[in-house]
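Okay, here we've got a single chain as structure tokens, the form predicted on its own, with questions on binding and movement later.
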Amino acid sequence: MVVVSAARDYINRMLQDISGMKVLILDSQTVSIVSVAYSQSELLQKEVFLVEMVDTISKSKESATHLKAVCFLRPTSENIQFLRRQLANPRFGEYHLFFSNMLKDTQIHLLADSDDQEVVQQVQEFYADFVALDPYHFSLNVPSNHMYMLPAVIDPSGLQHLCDRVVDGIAALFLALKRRPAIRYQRTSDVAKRIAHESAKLMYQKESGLFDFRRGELSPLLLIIDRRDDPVTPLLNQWTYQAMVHELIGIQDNKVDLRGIAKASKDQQEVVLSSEQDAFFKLNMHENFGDIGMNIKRMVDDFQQVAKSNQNIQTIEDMAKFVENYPEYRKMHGNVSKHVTLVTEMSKLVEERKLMLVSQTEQELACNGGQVAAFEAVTNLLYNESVSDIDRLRLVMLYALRYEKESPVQLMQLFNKLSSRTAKYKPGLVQFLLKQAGVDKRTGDLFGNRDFLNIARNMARGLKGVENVYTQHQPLLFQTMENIIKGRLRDVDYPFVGNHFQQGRPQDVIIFIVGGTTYEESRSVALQNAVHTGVRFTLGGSVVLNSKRFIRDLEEAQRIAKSSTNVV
């Protein structure tokens, strides 16, 4: 169930069957879907000479009848209107319409009515309605992700938009994989339950014919869970390559914006970090920061050897060889400077923000007991001038999640200290987090202190010692995957929808996190899949979070909840 190849296959089919010069017309969502699956040079090889956005094509009156328009769009009413406007006064010679999800009959009729000049050659549904970031990790880039934290009464249509987009994305994924899943969800989450029921209704009732693939093998499992069951993972600093880049600099659709970085060269204002397009990144994306430094040094040494041999040009044959190898040399040069720039910038931030000090306390809060020592460590960091505002806020949030019941008095003291030390802090944000994701709201054993087995496991880990103090935390998702493999995921906590139960252990599991995934979790999935337990996991979410994004969603939800008459 490699999601990247599912998306690539659709784009391949779209482009290779239409010969001649093409313009690719996309919308704000499909531009992400295409950009992570296909590089610009690959588009050029398929004779795509122009990429335009659907909302702006009609603004240009310039005719280009020699170009064939390949439109790949989400089937929204806005996109249908843009197309109708374009078909009424077509700029291009032919139109090939591909939609990333199911079209309604009414939409097809509207398009047919608008095609007076008969320029539309075909209309097809190609189910690539998800952003395939890595082989086993996809996102839906949902714009108003914070809606999942709000009760339905506050903004019914906003929540419905979020649910519709998630159901569409999940449906498209299973249509692309030609499978129909058994569906389970986290019982304590209203939004997970709603999405699970709406997905089941679509797959088993409304469009049951479309999803009936008549395959004999075991159905895959779709498990829908809520981000608020593990609010700790998106709040932690990260120390493995991909997760760390996202936490400290930011990754959007496998691209990193380096414009704000002084050391970035002119041609590296935006760089691609993709396991499909960069062999060094593929090998190192899950490695620890310390090892990355060593591996980059090795890559720089290899490059210097190549550069040295290129300086030694004496004959015409040498020159011809250099010219022949130049594109490869240039690519290697770009790759080396990209990774050196990223690691240099991250090292600078680690030093400036004293992240090793901060992270040690974070990991202690996430993984070990000891409330008195934790309170002292957090207090000291709140008064440390080098610690940034966001790091102070995260430390108090982690302490609150861990010790909300044990030490309410100390918690109030920390709230007061945070308010006095952090200018930007919005009062009540930590309390809002506890209302959203406190111990009474969670299903899983987040800190390993509810279940006897987990308590024993944590004690054993404490006695053995930890290989790396900065990466000792394991996301709750890891435990969930273990429970699925061992058949221990309790029906009472994660009920099935309808009577579509699963016999035996599933071979393919898609876990969807409403509210967003993290790269720490996608690393957990990749490592789990590498062990070959007979169960293959794929992770999806509404967005990909780092701590900044998680806190921003929290602030936005708090703002809406406050301004609403219904108090959360």
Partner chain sequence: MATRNRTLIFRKYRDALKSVRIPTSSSSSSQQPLSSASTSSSTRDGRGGGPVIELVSTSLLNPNRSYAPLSTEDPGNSSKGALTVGLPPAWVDISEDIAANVQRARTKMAELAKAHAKALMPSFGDGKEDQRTIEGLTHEITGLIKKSEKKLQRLSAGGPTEDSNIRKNVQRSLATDLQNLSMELRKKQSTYLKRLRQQKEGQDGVDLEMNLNGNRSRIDDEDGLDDMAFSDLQMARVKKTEAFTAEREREIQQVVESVNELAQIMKDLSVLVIDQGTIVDRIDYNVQNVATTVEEGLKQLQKAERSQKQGGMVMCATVLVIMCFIMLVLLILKEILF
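Positions refer to the first chain, counted from 1. On a predicted model such as this, the values are computed, not experimentally measured, just so you know.
What follows is about the form predicted in complex with the partner chain, which we do not show.
Remark: of stretches 169 to 177, 286 to 294, 350 to 358, 69 to 77, the one touching the partner chain in the predicted complex is 169 to 177 (heavy atom within 4.5 Å). Note on the partner interface in the predicted complex: the residue among S420, N468, Q117, Q205 having a heavy atom within 4.5 angstroms of the partner chain is Q117. Though the partner chain is absent from this view, in the predicted complex it lies within 4.5 Å of a heavy atom of just one residue from D302, D389, D253, D190, which is D253. The shortest heavy atom separation between D212 and the partner chain in the predicted complex exceeds 4.5 Å. The partner chain in the predicted complex comes within 4.5 Å of no heavy atom belonging to L539.
Contact check for V51: a non-hydrogen atom falls within 4.5 Å of the partner chain in the predicted complex. H246 falls outside the set of residues with a heavy atom inside 4.5 Å of the partner chain in the predicted complex. Using a 4.5 Å heavy atom cutoff, none of L411, L545 and S564 lies near the partner chain in the predicted complex. Looking at 36 to 50, the residues that come within 4.5 Å of the partner chain in the predicted complex, counting any heavy atom, are V36, Y38, S39, Q40, S41, L43, L44, F49, L50.
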